[in-house]
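Only one chain comes next, encoded as structure tokens, the form predicted alone.
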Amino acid sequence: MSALSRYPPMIKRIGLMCFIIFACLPLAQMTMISFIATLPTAENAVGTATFGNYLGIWTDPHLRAAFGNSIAYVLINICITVPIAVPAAYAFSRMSFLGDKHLFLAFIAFRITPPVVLTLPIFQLFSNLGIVNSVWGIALAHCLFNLPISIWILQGFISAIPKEMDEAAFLDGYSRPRFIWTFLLPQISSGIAVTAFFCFMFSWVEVVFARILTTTNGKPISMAINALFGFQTDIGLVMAVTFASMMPGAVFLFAMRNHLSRGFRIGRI
């Protein structure tokens, strides 16, 4: 008998409710402050309810550009990482070659390396390529760190599919690329959703490469929020930008909720 089962149901419900309130309280406070004027303006005094903080996001070109940059990082990251990770994961799952296990472990070891360790060599390389201070520079840096974890996730999903499916398709005359596109991708759609989720999370909140590889252009929303803090910080605007920055993630989770739920149940993560 578990320790939790010894408590009456009412106590468990109260404990769960207290945890939910504790977890949601910062979000509720942030949402309320985002609709309050925290600096005096010609239209609003301090403490009055207003939509001006959200209108400020749209009227500020730097904040608009930051949102666009973050969305671009995510889209580029997913569009590059997933098409590369699928065949690589298939190779690690289905094929045996010299040093395959060592290479797979090397990918995982690279992923757990702190990003700050590689900022200098990546900055020098991207400087020579002329992509520093651009959207493509940060997006490619994110791909370097998302590709190992993507291969690892998809390798687990592909390994769960019987090899007999491959053999039957090859006997029917399917080539390997056609088999992957026709049969494998629908079978691992949940794994692709989980992979895209991790790519989104890393690109949306990452700040190390954003701080090093950008000076004027290409700043993501995380850096834009940091730039709002100063001698007189408009806390209402900061809370509005923070709340707005959470919306793409919420939309992504809602749209992919069924695939993510299946993926986290059957994937070996």
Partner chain sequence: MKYHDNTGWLYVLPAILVLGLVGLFPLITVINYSFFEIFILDARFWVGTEWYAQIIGSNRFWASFGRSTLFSILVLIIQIPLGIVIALCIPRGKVWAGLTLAVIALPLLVPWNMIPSLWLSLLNPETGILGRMMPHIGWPTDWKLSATHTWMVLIAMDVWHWTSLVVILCYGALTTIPAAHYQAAAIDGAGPWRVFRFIQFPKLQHVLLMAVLLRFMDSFMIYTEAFPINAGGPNGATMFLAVDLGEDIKAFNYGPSAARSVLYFLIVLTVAWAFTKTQAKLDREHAQ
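Please read these numbers as outputs of a predicted model, since none were measured by experiment. Only the largest set of C-alpha atoms that superpose within 1.5 Å between the two forms is called the rigid core. Numbering follows the first chain given and starts at 1.
Although it is not shown, the form predicted together with the partner chain is what the next lines describe.
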Quiz item: Would residue 93 count as a contact of the partner chain in the predicted complex, using a 4.5 angstroms cut-off between non-hydrogen atoms?
Solution: yes
Quiz prompt | Distance check, residue 28 to the partner chain in the predicted complex, heavy atom within 4.5 Å | solution = yes
Quiz item: Using heavy atoms and a 4.5 Å limit, would one call residue 204 a contact residue for the partner chain in the predicted complex?
Solution: yes
Quiz prompt | Partner contact for residue 174 in the predicted complex: the partner chain, 4.5 angstroms, heavy atom | solution = no
Quiz item: So which of 119, 182, 133, 187 gets a non-hydrogen atom within 4.5 Å of the partner chain in the predicted complex?
Solution: 119
Practice problem: Scan 143 to 161 and write down, in order along the chain, each residue with a heavy atom lying within 4.5 Å of the partner chain in the predicted complex. | Solution: 143, 144, 147, 148, 149, 151, 152
Quiz item: After the core is overlaid between the shown form and the other one, has the C-alpha of residue 250 moved by 2 angstroms or more?
Solution: no
